[in-house]
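A lone chain, given as structure tokens: the form predicted alone.
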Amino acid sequence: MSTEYGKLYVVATPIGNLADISFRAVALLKQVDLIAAEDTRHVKMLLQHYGISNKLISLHQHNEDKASVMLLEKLRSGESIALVSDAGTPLLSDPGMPLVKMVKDAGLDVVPIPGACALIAALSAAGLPVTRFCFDGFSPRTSSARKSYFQERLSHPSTWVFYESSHRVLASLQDMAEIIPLDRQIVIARELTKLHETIVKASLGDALELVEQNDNMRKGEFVVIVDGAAVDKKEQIITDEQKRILSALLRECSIKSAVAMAVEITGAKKKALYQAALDMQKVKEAAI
């Protein structure tokens, strides 16, 4: 007797405005055997709005390892499951990775149901270059760790993006201002698709002043986008792989030796590798 396995659907849900959900997502949430949700109480409001009455199970950061094993068995028995987070696309700074990895490793189907995502929504309206960007999830919780993070990104040529919470956004911008030039362009996007949606593009200095002076700019959920560092086109930019090799060498050698070996291994310019080594050393020292 053949067994037909169930499918795991990764379903994007609205990040604010309840209308920002696809017809496909609504239909699928009605059809699946089970919905795995980050917070069942929160998701119930969405389901009620669309007249969806379906079985819910919690899948959050505190139980996802154990719950994922159980959900995999349900898929193997032929049940279909929808994975949703509180808002937006699951796995992007939300639970779900252990389950998706487990299902993929087991050879079962994982089907994306695309939709709202705060990261993409903010980038689309930012007015900063988006051909290449780096997303880092939420910024570090402590001031020292944030400064190290900003130092690491200081010379990054691509646009970079992170999420921030209301109770840390001011401190985060203050830490950034100690590392990043105040004239660097940034975008602060808060409460996307909600009633008080605000998207501000300004210099870091002006943005910091705005958040310091306006209480409303410290409320809600935030996406912060930072313009990449200006690059001298005559200077060779080293790749992430070249940086990885250099970093590994620095753990065992002096800067001079590590750079010399990295030049031989990667073929990158000595000047670029040496500057990268100095930046890595600064980040290491700042973290101590």
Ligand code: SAM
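Computed from a prediction, not measured in an experiment: that's the story for all the values here. Each residue number is its position in the shown sequence, starting from 1.
FYI, the form predicted in complex with this ligand isn't displayed, but the following is about it.
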### Task
Report yes if all three of Val10, Ala36 and Leu83 come within 4.5 Å of this ligand in the predicted bound form by some heavy atom, otherwise no.
no
### Task
Using a 4.5 Å heavy atom cut-off, indicate which stretch of 203-211, 106-114, 158-166, 71-79 touches this ligand in the predicted bound form.
158-166
### Task
Classify Thr89 as contacting or not contacting this ligand in the predicted bound form by the rule of any non-hydrogen atom within 4.5 angstroms, answering yes or no.
yes
### Query
Contact between Ser93 and this ligand in the predicted bound form at 4.5 Å, heavy atoms?
yes
### Task
Could you confirm whether Ala268 comes within 4.5 Å of this ligand in the predicted bound form, counting heavy atoms only?
no
### Message
Taking this ligand as it sits in the predicted bound form, is Ala277 in contact with it (heavy atom to heavy atom, 4.5 Å or less)?
### Response
no
### Query
Since exactly one of Ala189, Leu123, Met176, Ile186 fits, which has a heavy atom within 4.5 Å of this ligand in the predicted bound form?
Ala189
## Note on the structure
Those residues of 103-138 with a non-hydrogen atom no more than 4.5 Å from this ligand in the predicted bound form are Ala116, Cys117, Ala118, Leu119, Phe138
